[in-house]
Ligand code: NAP
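Next up: a single chain in structure tokens, the form predicted on its own.
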Amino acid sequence: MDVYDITIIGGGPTGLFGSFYAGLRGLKTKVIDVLPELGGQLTALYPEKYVYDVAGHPKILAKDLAKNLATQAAIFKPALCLGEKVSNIAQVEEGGETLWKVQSDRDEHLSKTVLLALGAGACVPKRLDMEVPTDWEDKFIFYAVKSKERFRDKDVLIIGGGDSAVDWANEFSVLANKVTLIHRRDQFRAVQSSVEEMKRNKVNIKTFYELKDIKVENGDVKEAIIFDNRTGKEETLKVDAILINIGFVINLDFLREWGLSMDKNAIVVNEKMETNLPGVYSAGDIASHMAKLKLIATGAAEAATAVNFAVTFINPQAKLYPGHSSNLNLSI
């Protein structure tokens, strides 16, 4: 079995930049991800949503950013294992060397170091507290937007008060026929500038409202019944599509079982991005430290830091900092 210098668990933006940087540092690299394609949430949840907080890009579609990151990572030809769920990591002795064995539902992988770049972790969208047949999902009930065109000229109901709900309300205000957003409170969790933009746009905002029922005829949604949770007053809306953005259910019990120190739903790391397990690092949204800022840009920086210290973990005589990439002759 091949032994890799570093195995990166997670093929989202942090993991992909970590893979590129590991190649830059000359490490034999493997990337494992449970999804069938690279990009993490960029491709799985909001591929057609613009991202504004990436250095050098005033704005970029999430799917394009994912494509660029995958192209960048491919420069150094990392081994890719997609659609593969990691179930455990454990230290083993092989040939007189202490290694990490990464166990998945498909295979075993041996590695000198491991970088955990799991994003928000094993998360699934929260469902409504009502019975929704599975064949309605991705037909007229949506938890993520894979194609904006499916909502063009439609009457769209959006449920939620966070960034995703508000951002899609703004996007659809110029795409859909009519957009109604309901939120169970009058306070939004979204960025204030986005909320103010939504109030200026053609969005029917109804706070203190929740969904009570969905009327379907001949396999298509026709109406949604909503109600004021203060008075119980009901209202019927004509709808063609319902987008539910009420958050995610996160299960990170498996990380605790691996022996990792956790801070609520994140892995505790130090300034070197080291976990409490020797040779195991973490970066991106899943990592927790005193100066944490959850951005794609800072996730990339954390991945580079983790890789640099992984290099010296493997070879204590190696340089910690390799110099600038502009000094290297890369074929792109």
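In this text the structure is predicted, and so the values were computed from the model without any measurement. Don't overthink the numbering: it's just position in the shown sequence, from 1.
Quick note: we don't show the form predicted together with this ligand, though the next part is all about it.
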*Though this ligand is not shown, can you say which of Lys146, Lys139, Lys101, Arg184 has a heavy atom within 4.5 Å of it in the model of the complex?*
Arg184
*Of Lys212, Arg106, Lys126, Lys206, which residue is found within 4.5 angstroms of this ligand in the model of the complex when only non-hydrogen atoms are counted?*
Lys126
*Report whether all of Glu37, Gly39 and Asp64 sit within 4.5 Å of this ligand in the model of the complex, measuring from non-hydrogen atoms.*
no
*Determine which one of 68 to 76, 160 to 168, 218 to 226, 198 to 206 lies within 4.5 Å of this ligand in the model of the complex, judging by heavy atom distances; exactly one does.*
160 to 168
*Lys49: touches this ligand in the model of the complex, heavy atom cutoff 4.5 angstroms*: yes
*Does the 4.5 Å heavy atom contact test between Phe248 and this ligand in the model of the complex come out positive?*
yes
_Does any part of Arg189 reach within 4.5 Å of this ligand in the model of the complex? Heavy atoms only, please._
yes
*Can you tell me which residues in 57 to 89 come within 4.5 angstroms of this ligand in the model of the complex, by heavy atoms?*
none
